[in-house]
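First, one chain by itself: the form predicted on its own, in structure tokens.
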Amino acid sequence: MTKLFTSAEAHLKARHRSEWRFRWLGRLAILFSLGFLAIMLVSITLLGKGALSRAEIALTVDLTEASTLEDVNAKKTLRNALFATFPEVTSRGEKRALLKLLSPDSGYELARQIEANPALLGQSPTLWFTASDDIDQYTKGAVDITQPENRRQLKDTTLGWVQALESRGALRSVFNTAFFTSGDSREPELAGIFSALVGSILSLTVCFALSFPLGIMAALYLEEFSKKSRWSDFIEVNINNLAAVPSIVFGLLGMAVFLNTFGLPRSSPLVGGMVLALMTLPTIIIASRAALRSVPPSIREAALGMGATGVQTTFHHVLPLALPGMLTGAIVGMARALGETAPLIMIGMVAFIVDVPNGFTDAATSLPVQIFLWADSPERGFLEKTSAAILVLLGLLIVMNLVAIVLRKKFERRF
């Protein structure tokens, strides 16, 4: 008897040790996952923080002979201001290099500043202009000036001009509002995410307007009204299969049907939203059916017992209780659609778009596609913009998932 008790006690201790090891393995797995996630976020943040600042150069521009904006030759005025700042520059090659201190958009900046403050006309004000990408990278410490001249982007002559501007207080680093308020550009210091962000919002609007009502209606029919048959089983199997189809297949479908057959505008949020709706529809149907199944049968039986019809029971009693779960599934589907790139590339939203779209049929791009375009560019400035745009995209995804959680917690009812 004593041996039996001892054996049982040893077996129980072994089970406890096994459970203890299993719990710690699970905790270690979570810690490893959180560690890799932290490493990824920290590395992206360190790369992307440079996109939030930009370098500016102060120049004294001569506007004494101009009385209206039309009288100002912005390019010539800035060229003369640079030559006046560095009068020792006389050769043609050095003058060309000197002009590269400023961003190509500096002429438009001068025009915008005059338009915002017409009192500048007739004077010689000192104004700030966006510096070129090379100067911007220098102010961020990305240029190693200890390297030989032939191994760095800034030549000794240009470096001397930049250091002279620094000593005069004519070079500064400011918050880069243009990153959030402007569209794409060939120049890294001018590129922004606003047009891509608007394109994503418009595409998601079309996607939600199409997929959410269609998904709910399909789920209601399949779960509440259709009879079990080979046809309904066939539909159910295909819905489950469509949820696992690669997203690029939906892009090919959209290109073949919406663009080639119906002739809808290429590279537009309308077509992009329709393609994303096709992709998210199976997910919404599956989530909506699961929400309908979670409603207790007693709700249906009580409504039918009180004399309600099947339609009244579904729409007055079952649907309101299942709606929080449906909304959660729809928001999760929208979050997945927000991060998709392949289907939008197939319908032409990979085009270089500078202007902000004003409607659903205007040419546009999306935030993931913009990230894809910038990641393919060799300039370090675009690397910073890519990382910063990824952080914005991650922030939007986190917000959408938080909204789904809050809606579920707020409206769900426990039975």
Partner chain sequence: MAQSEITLTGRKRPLEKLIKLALFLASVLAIFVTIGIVLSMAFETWQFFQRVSVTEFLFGLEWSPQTAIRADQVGSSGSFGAVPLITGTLLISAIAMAVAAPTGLISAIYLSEYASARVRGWAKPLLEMLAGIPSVVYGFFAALVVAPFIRMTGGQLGLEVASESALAAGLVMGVMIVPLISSLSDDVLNAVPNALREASLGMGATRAETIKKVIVPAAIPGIAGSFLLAASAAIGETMIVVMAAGLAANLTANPLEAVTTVTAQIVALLTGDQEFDSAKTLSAFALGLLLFATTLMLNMIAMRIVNKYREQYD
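Residue numbers count along the first chain shown, from 1. Between two forms, the rigid core is defined as the largest C-alpha subset superposing within 1.5 Å. Predicted model, so just to flag it, every value in this text is computed and none were measured.
One more form of this protein exists, namely the form predicted in complex with the partner chain; it is left out here, but the text below deals with it.
No member of the trio L98, R172 and L202 reaches the partner chain in the predicted complex with any non-hydrogen atom inside 4.5 Å. Contact check for L34: a heavy atom falls within 4.5 Å of the partner chain in the predicted complex. Residue contact with the partner chain in the predicted complex: G359 places no heavy atom within 4.5 Å of it.
Interface residue remark: L394 is counted as part of the site for the partner chain in the predicted complex, having a heavy atom within 4.5 Å. Of the heavy atoms in G26, some are within 4.5 Å of the partner chain in the predicted complex. P246 is the sole member of G263, P246, P297, G305 with a non-hydrogen atom lying within 4.5 angstroms of the partner chain in the predicted complex. This chain is drawn without the partner chain; in the predicted complex, the residue among S167, N238, Q147, T90 with a heavy atom within 4.5 Å of it is N238.
Segments offered: 81-89, 173-181, 136-144, 276-284. Contacting the partner chain in the predicted complex at heavy atom distances within 4.5 Å is 276-284. Residues P368, I371, F372, A375, L383, T386, S387, I390, L393 of 359-393 are found to place at least one heavy atom within 4.5 Å of the partner chain in the predicted complex. Core-superposed comparison between this form and the one not shown: CA of M40 displaced by 2 Å or more. I398: CA moves less than 2 Å between this form and the one not shown after rigid-core fitting.
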